[in-house]
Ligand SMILES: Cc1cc2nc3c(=O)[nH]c(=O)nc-3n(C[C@H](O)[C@H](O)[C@H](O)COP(=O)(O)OP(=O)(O)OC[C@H]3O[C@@H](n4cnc5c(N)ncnc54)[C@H](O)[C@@H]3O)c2cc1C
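Take a look at this one chain, the form predicted on its own, written out in structure tokens.
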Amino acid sequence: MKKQDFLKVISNNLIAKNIFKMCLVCGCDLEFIPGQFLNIKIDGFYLRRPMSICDFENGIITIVYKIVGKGTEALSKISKGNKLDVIFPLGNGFDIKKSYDNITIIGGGVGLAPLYFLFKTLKKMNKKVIVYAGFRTLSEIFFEEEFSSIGEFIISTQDGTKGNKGLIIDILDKDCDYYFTCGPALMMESVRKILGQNGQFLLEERMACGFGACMSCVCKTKFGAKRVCKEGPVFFANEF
């Protein structure tokens, strides 16, 4: 069930190059599933901005976003104490009901953000999980300490300034029962080719309404056209 409310900003801080972490107070009893998202109204912009939920704990929603245009730049300038018009929670999250013994999580760039909530949730379920995170360079790395405090976290950078040098797909361990991934489309397609169909993708697309009415975020699957905001943003690998 989606809800529209004004949520108070309690922090909005730069945590890496052009990457911000914002925390919002959510005074409601709704449950959130890893992989779901918010749709945020920013003053001066007609369309809302969809933001994956990075974490939810003790009534606090955390999002991590990158400045990629005027909308996210305006969002980065919003100060503590302001309130944002937010529709939440939206979309279908990750399916984590099945029992997997050996799980791999693969994130690329800011696509790593929604995988933090997933990682925490799986570890609370006593799952064996390893996280691979790929970045372009050291200055763009975020949440290294947060992930590492929970479990095994492996970093690669394209320029070798941190961790393994090269692409994250070059060092993936193929010995896993299941995987979850979010990041650039080419990275996720490469993950599917390497690890097979036994996994789930979180797609991040431009959208308007966020709940399936406008049809602006339709993607093609083997089973026909599907809306990223409504049928997704999480899809099974065998749908592509």
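One rule holds for the numbers: they count along the sequence shown, beginning at 1. Here the structure is a predicted model, which is why all the values come from computation and not from measurement.
Keep in mind that the form predicted together with this ligand is missing from the display, and what follows is about it.
Asks: Taking this ligand as it sits in the model of the complex, is E57 near enough to touch it, meaning that at least one heavy atom pair lies within 4.5 angstroms?
Replies: Contact check for E57: no, nothing within 4.5 Å of this ligand in the model of the complex.
Asks: Closest heavy atom of P34 to this ligand in the model of the complex, within 4.5 Å or not?
Replies: Because no heavy atom of P34 falls inside 4.5 Å of this ligand in the model of the complex, the answer is no.
Asks: Although the partner isn't part of this model, could you tell me whether S52 comes within 4.5 Å of this ligand in the model of the complex, counting any heavy atom of the residue?
Replies: Contact check for S52: yes, within 4.5 Å of this ligand in the model of the complex.
Asks: Please tell me whether any heavy atom belonging to V64 falls inside 4.5 Å of a heavy atom of this ligand, as the geometry stands in the model of the complex.
Replies: The answer is yes: V64 has a heavy atom within 4.5 Å of this ligand.
Asks: Tell me the stretch among 100-108, 68-76, 131-139, 144-152 that has any heavy atom within 4.5 angstroms of this ligand in the model of the complex.
Replies: Of the stretches listed, the one contacting the partner is 68-76.
Asks: With this ligand left out of view, which of M187, L195, C26, L47 would have a heavy atom within 4.5 Å of it in the model of the complex?
Replies: Filtering the options by heavy-atom distance leaves L47.
Asks: Just one of I168, L122, A113, V86 has a heavy atom within 4.5 angstroms of this ligand in the model of the complex, so which one?
Replies: Of I168, L122, A113, V86, the residue with a heavy atom within 4.5 Å of this ligand in the model of the complex is A113.
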